[in-house]
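Before any questions on binding or motion, here is one chain by itself as C-alpha cells, the form predicted on its own.
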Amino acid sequence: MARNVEFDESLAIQKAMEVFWKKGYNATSLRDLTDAMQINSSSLYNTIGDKQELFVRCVQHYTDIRKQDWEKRLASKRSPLAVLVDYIHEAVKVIINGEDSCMAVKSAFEVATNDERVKQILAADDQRCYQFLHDLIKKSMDKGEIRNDEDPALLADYFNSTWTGWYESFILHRDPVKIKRMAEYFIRQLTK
C-alpha cells in the first residue's frame, strides 16, 4: 500500500526558497532541495512538480513576502520620508551584510531571461516596488519632506534601478563604504 505524502507544503516552499536564494537556480540540485525540504524526490514530484515548478513557486513566495513588507511600511504612521530613509538603510544592510543578496535580482539575471513565468512574477514585483517607492516619495512631497519640483515617478524608477546597481557594485568590489556613500548621496538628493 502506498504511503500518504504528509508534509507542511508552505514550510517546504520556504526551505526550498532559502536553498535557491543561497545557491541560485543552476547550482541547486534536486538533492539539495529534498534534503532542505525533508522529503523524498517522489513526494516533491507528486505534490509540487519538478525543480522548475518548485523554483517558480519559491520566487512567488519570495515576492509575496516583499509585498507584505511594503504594505506594512506604507501603513506605518511614521513620516513617509522616515519610512523611505529606513528602507534605503535596510537595503544597504542587506546588500553589504546579506551574503545571499536579493533573490529577485539574482533570479532576474539567472533565470528570468529564459523563463517567462519567472519574468512575469519579477516584473509584477518590480512594479509593486516602484509603486511602493512612488507612494512614499509622493507622500513625502505632499508633507513637504521632499521638494515637490521633482517627478515622483522618475525618482521611484531611478531608485529602483539604482539599488540593483548597488548590488552589482558590492558583488564586484566588496566595498561597503562605497555603497553607504551612494545611499547617503541619494538621500541627500531627495531632501535638498
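One-based numbering along the sequence shown. Treat the numbers as computed from the prediction; the structure is a model and nothing was measured.
Not pictured, yet referred to below: the form predicted together with a further copy of the same chain.
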*Is there a heavy atom of residue 168 no more than 4.5 Å from a heavy atom of a further copy of the same chain in the model of the complex?*
yes
_Contact flag, residue 112 vs a further copy of the same chain in the model of the complex, heavy atom cut 4.5 Å_ = yes
*asked:* Under a 4.5 Å heavy atom criterion, is residue 37 part of the interface with a further copy of the same chain in the model of the complex?
replied: no
_Exercise: residue 150 in contact with a further copy of the same chain in the model of the complex, heavy atom 4.5 Å_ = yes
*Find the only residue in 64, 32, 53, 157 having a heavy atom within 4.5 Å of a further copy of the same chain in the model of the complex.*
157
_Which is the contacting stretch out of 137-145, 123-131, 38-46, 53-61, given heavy atoms within 4.5 Å of a further copy of the same chain in the model of the complex?_
123-131
*a further copy of the same chain in the model of the complex: contacted by all of 26, 162 and 178, heavy atom 4.5 Å*: yes
*So which residues in 101-119, when you check a further copy of the same chain in the model of the complex, have a heavy atom no farther than 4.5 Å from it?*
101, 104, 105, 106, 108, 109, 110, 112, 113, 119
